[in-house]
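In structure tokens, the next block holds one chain alone, the form predicted on its own.
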Amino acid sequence: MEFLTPSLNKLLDDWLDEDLGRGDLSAAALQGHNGRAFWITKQEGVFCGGYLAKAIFSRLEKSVTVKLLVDDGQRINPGQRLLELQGPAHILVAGERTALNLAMHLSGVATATSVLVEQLEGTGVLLADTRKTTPGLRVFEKYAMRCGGGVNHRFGLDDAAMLKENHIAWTKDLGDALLRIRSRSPWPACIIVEAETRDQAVEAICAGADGVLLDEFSPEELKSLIPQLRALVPGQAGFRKSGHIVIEASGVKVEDLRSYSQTGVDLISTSASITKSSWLDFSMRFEPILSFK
């Protein structure tokens, strides 16, 4: 995440404003001094947030230098230095909390993701995130998911159409619903249908869905069902992006990931990497300050 869009830069400004308010009252004690500091981790895991730290300090003062010692997505060990900073001492103090909070949270997400991805190693099955994210942090949490080895599902309702249980309950004709979505969507957009029963999954594929999300099926049920779904002839609801139907499992207990990976699914989606992750513990250590000449 070396490049930040205007909207993401605005988020960083908002978070800095939350902490700084009308200005850091302690800044006067540090005026006229340069500072040096470094980040150190107290825990092992996967680092995420270095490029955001650079952006945060740069927004406060262009003269601050941030040297990344660890790349986002790299494994870290207790006592390891993560980055080094130098610049006006009052600026380093002003950006410390916002930058650390963001990096510790995102590194926790990346670390939790990596633990789950390890269970799928060698299977070819991908671990995807969900829209269960912290408001205002979605793009950053999904970036952390990628740093941990996962892949991103849709970022929002405008990425792909997903018909979930409420849509299905209120839709009398699934094929007609898919046709109406196709006619109003850009051609690259996919349509995914969530299925809670075998009949719903069959109907979705026959209606022309690009993907089917199989929710809360057991591994044994999926092993029996997925070959049947792969053999179905798709319907005529517009056109499918490819001949391959993406089959996704959700509602999965994380301790059962390996079992689900043996069922023939393409993806397993989970919110656990984000909703159940813990922050990694980092500290910013300061070195002796130098007066300006």
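This is a predicted model, so every value here is computed, not measured. Residues carry their position along the shown sequence, with the first being 1.
Absent from the display: the form predicted together with a further copy of the same chain. The rest refers to it.
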Looking at 221, 199, 158, 121, which is the one with a non-hydrogen atom within 4.5 Å of a further copy of the same chain in the model of the complex?
158
Contact between residue 45 and a further copy of the same chain in the model of the complex at 4.5 Å, heavy atoms?
no
Please check if residue 136 has a heavy atom lying within 4.5 Å of any heavy atom of a further copy of the same chain in the model of the complex.
yes
At 4.5 Å between heavy atoms, is residue 167 in contact with a further copy of the same chain in the model of the complex?
yes
In the model of the complex, does residue 131 come within 4.5 Å of a further copy of the same chain, counting heavy atoms only?
yes
Within 4.5 Å of a further copy of the same chain in the model of the complex, which residues of 203 to 228 have a heavy atom? Give them in sequence order, or say none.
206, 207, 208, 210
